[in-house]
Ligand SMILES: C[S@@+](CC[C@H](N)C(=O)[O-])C[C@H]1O[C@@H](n2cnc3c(N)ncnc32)[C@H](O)[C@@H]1O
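Before any questions on how it binds or moves, here is one chain, the form predicted alone, in structure tokens.
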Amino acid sequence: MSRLEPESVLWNMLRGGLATRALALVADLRVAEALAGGPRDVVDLASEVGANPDTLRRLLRALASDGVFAEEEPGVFRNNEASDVLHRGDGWDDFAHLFGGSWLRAVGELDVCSDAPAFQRTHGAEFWSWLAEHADERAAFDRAMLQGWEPRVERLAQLEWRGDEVVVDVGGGNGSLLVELLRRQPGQRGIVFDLPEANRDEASFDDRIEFVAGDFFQRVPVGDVYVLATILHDWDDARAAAILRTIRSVAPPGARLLILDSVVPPGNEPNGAKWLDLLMLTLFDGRERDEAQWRALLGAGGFEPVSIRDGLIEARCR
């Protein structure tokens, strides 16, 4: 792999916001879906999606230069492997909408002096309250959270299971992770626990799964295994520890805690969690954590770590 010149490294980072916004615009216009049938002239394409032809051409030309869409001949564009992902229905188009919309506006206000999260200062409300007041954005967020659920289920399924546990998915959203896990573990029962406004797919629940509404700062249902899938990184250490203490207060002595979250590695190698950490800071004053920080957090919450690996942290009641 050729080494980039220092100026190219900086330029690629400086233009990042433009790429994020361009991707959001074409995702919101559902351009990838409109190109699903094959290459199309940009004038015809713009007429269908309701865009200015020249602006759309320039957006697609720039995105194609970075490997999203392809320009077959001047003014004629098609999907490629990357743009195909935008209309697969697994959350990437919603991620593009969020990153290039409300999140990008908040990122523009990120600084190193304010104590309040940039999202709250930008939008006039903390993130979760704002979502509750914007149903379309809440739905987009919940759909985006579906992205990557398959690897999470694989990590959980590879663990040793007794086979008759009650699994509580804390902050479980639409329940897709628990539905798939229990499909592979037919002797288990499950509880999807989340706020009442969570967009859930109860039609996919069988008689072994129930939805329980509530606030994990106040109480959680009793179970044998507690799953926290990309939940704790949304919160600072004090509030993340409070969530763990809520679980610990009702967890039986032999209960297991399974956390699906990143473990930030040391060193300077590229790692997405280091950038995700800045997004968590922007949105909620949350954070990604390294191994030492996870150990400290688990201890503050009343748990003892069993295994800490990137993507899966296992703990038990202390």
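For every residue, the number given is its place in the sequence shown, counted from 1. Owing to the predicted nature of the structure, the values given are computational and were not obtained by experimental measurement.
Below, we turn to the form predicted together with this ligand, even though it does not appear here.
- For the chain shown alone, R152 is a contact residue for this ligand in the predicted bound form, at least one non-hydrogen atom being within 4.5 angstroms.
- Remark: G173 counts among the residues lining this ligand in the predicted bound form, judged by a heavy atom distance of 4.5 Å or less.
- For W161, no non-hydrogen atom is located within 4.5 Å of this ligand in the predicted bound form, even though that partner is not displayed.
- When this ligand is considered in the predicted bound form, L104 lies well away from it, no heavy atom lying within 4.5 Å.
- Look at 223-231, 182-190, 111-119, 85-93: in the predicted bound form, residues with non-hydrogen atoms within 4.5 angstroms of this ligand sit in 223-231.
- The contact residue chosen from W130, F205, F216, F99 relative to this ligand in the predicted bound form is F216, the criterion being a non-hydrogen atom within 4.5 angstroms.
- Interface residue among A125, A242, L195, A139, judged by heavy atoms within 4.5 Å of this ligand in the predicted bound form: L195.
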